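Only one chain comes next, encoded as structure tokens, the form predicted on its own.
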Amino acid sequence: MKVIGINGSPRREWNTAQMVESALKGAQAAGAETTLYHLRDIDFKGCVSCFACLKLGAPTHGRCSYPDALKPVIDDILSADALIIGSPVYFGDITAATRALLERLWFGGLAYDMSHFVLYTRQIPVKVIFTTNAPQEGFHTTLNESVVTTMSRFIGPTELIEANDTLQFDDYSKYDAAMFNVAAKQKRHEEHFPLDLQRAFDVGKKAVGEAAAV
């Protein structure tokens, strides 16, 4: 059983990374082998419209084959038993790196033919994790729905969890962020973020159970 984790944040050790790592620990507790990729460490592009994934009869048909450092990551995802992907929400959207990955992952399985719209022949459970400074869960409804719907169509049944009202800085006094009540942010982080990490751990375990049932 193999579970792939993707950290789509430019920060390797902050909220999103911790949530993805906790989910992978849950998967490990359920008996899975795990691999974690930090997108910030990978030199890659979004879709370049080469259309190799659509070329009939070609060995590249039905999979993104653009030859950069992301290709083996996509191959790893498509051979895995479950996927856990996390991103902070910036201006109501996922990070640019996460969007670029999803372009490559989703387009690689797309056919412009309603008789076989999705080219991937297997599905795996997906857990999506959003971290956000927004005050309550579900704040980014349109984004949540679009990612869950598209991921469910191309990769497999998708579940979303969020960590909201997150702590952005270790020391707010160093940054131009006077609008925040620092004491309240710190208090919430201390009280709620451990619960968010536990939820991530639980969905990681759940992903393994769902993959085993497929």
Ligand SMILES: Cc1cc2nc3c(=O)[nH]c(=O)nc-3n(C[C@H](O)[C@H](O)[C@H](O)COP(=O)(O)O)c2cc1C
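Just count from 1 along the sequence shown to find any residue number. All figures in this text were calculated on a predicted structure; none of them were measured in a lab.
Although not depicted, the form predicted in complex with the named molecule is the subject of the following passage.
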So, in the predicted complex, is V126 in contact with the named molecule at a 4.5 angstroms heavy atom limit?
no
Answer for Y120 alone: is it within 4.5 Å of the named molecule in the predicted complex, judged on heavy atom distances?
no
Taking the shortest heavy atom distance, is T158 within 4.5 Å of the named molecule in the predicted complex?
no
Taking heavy atoms and a 4.5 Å cut-off, does N133 contact the named molecule in the predicted complex?
yes
The stretch from 41 to 49, 161 to 169, 63 to 71, 28 to 36 that lies within 4.5 Å of the named molecule in the predicted complex, judged by heavy atoms, is 161 to 169
Considering H192, R11, R199, K205, which brings a non-hydrogen atom within 4.5 Å of the named molecule in the predicted complex?
R11
Contacts with the named molecule in the predicted complex - residues in 85 to 112 whose heavy atoms fall within 4.5 Å
P88, V89, Y90, F91, G92
